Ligand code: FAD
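Take a look at this single chain, the form predicted alone, given in structure tokens.
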């Protein structure tokens, strides 16, 4: 079922989660262990992230260096199929530009269609550690906008091979990312909004936001979207802060702010256990306010740690 249909038909705020694929060589049971405790809240969908391959250089005989591709986590196609089969819930794979040619993207989308997966989240993706900035794959897409356009073309029955006749159209519902505190590469919020609207105009049907800890940022973002002519559902993305290290790493990695009151409460914590309790309490209050404001869905970045998410969900759903 298309997520846009679920969102439009629901009369209450929905619940959804995002998970990481297991590390390479690990069992999918780790995925199930993270999802099982949350199924009582009937998630509308489960997002599955994609982690592109990276490269290392290995010294070989003779002294030359060989560039070797490594992938720490498997892809999302098989994981999404397994989740849908086990739980009868919509699984949403992340489709990214980085590391894919247009042909590889098309092949992945064809596989997803055959498996009955109706929804995708189209993202540019991050640069790999060895690159100072994002570098597209030769023959791949530079921007998420181009990726959205490719999916829309396939939905219209137009594939890369122009000689194909009577090709069956796909039927994907396309989601995209939004940034209440601005994408870190955007020069300003107006520029960020311009490209967000371009993706919606191209065919994106819903937005999932980057994590935030200040609801006012989300409310301002929603208003700015509406003022810019963006009228698709905007799903708030939530992260439950759970370790002292995250107080520094999350703002650095995701370019987000931690509100003063929240930061002061976290600074008083001596152990991660205390941080987790403060994080849960803060997220519960965030959720209550978002539900009161009729947010279409609360999307939790669980990353496999379901205990805290379950405690929050029990207070909200």
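The model shown is predicted, which means the values in this text are computed figures rather than measured ones. Positions refer to the first chain, counted from 1.
There is another form of the same protein, the form predicted in complex with the ligand; it is not shown, and what comes next is about it.
Work out which of 204, 121, 79, 240 lies within 4.5 Å of the ligand in the predicted complex, going by heavy atoms. If I apply the 4.5 Å criterion carefully, the residue I get is 121.
The ligand: the contacting residue among 104, 153, 185, 220 in the predicted complex [heavy atom, 4.5 Å]: Checked against the cut-off, the match is 185.
Is residue 212 one of the residues lying within 4.5 Å of the ligand in the predicted complex, judged by heavy atom distances? Looking in the predicted complex, residue contacts with the ligand do not include residue 212, since no heavy atom lies within 4.5 Å.
Against the ligand in the predicted complex, would residue 137 count as a contact residue? Criterion: heavy atoms within 4.5 Å. Residue 137: no, not in contact with the ligand in the predicted complex.
Given that the partner is absent here, does residue 109 sit within 4.5 Å of the ligand in the predicted complex, heavy atoms only? No - in the predicted complex, heavy atoms of residue 109 and the ligand never come within 4.5 Å of each other.
Residue 192: touches the ligand in the predicted complex, heavy atom cutoff 4.5 angstroms: Because a heavy atom of residue 192 falls inside 4.5 Å of the ligand in the predicted complex, the answer is yes.
Please determine, with the chain shown alone, which of 153 to 161, 222 to 230, 241 to 249, 139 to 147 has non-hydrogen atoms within 4.5 Å of the ligand in the predicted complex. Answer to the contact question: 139 to 147.
If the criterion is a non-hydrogen atom within 4.5 angstroms, does every one of 16, 45 and 310 touch the ligand in the predicted complex? Contact check failed for every one of 16, 45 and 310.
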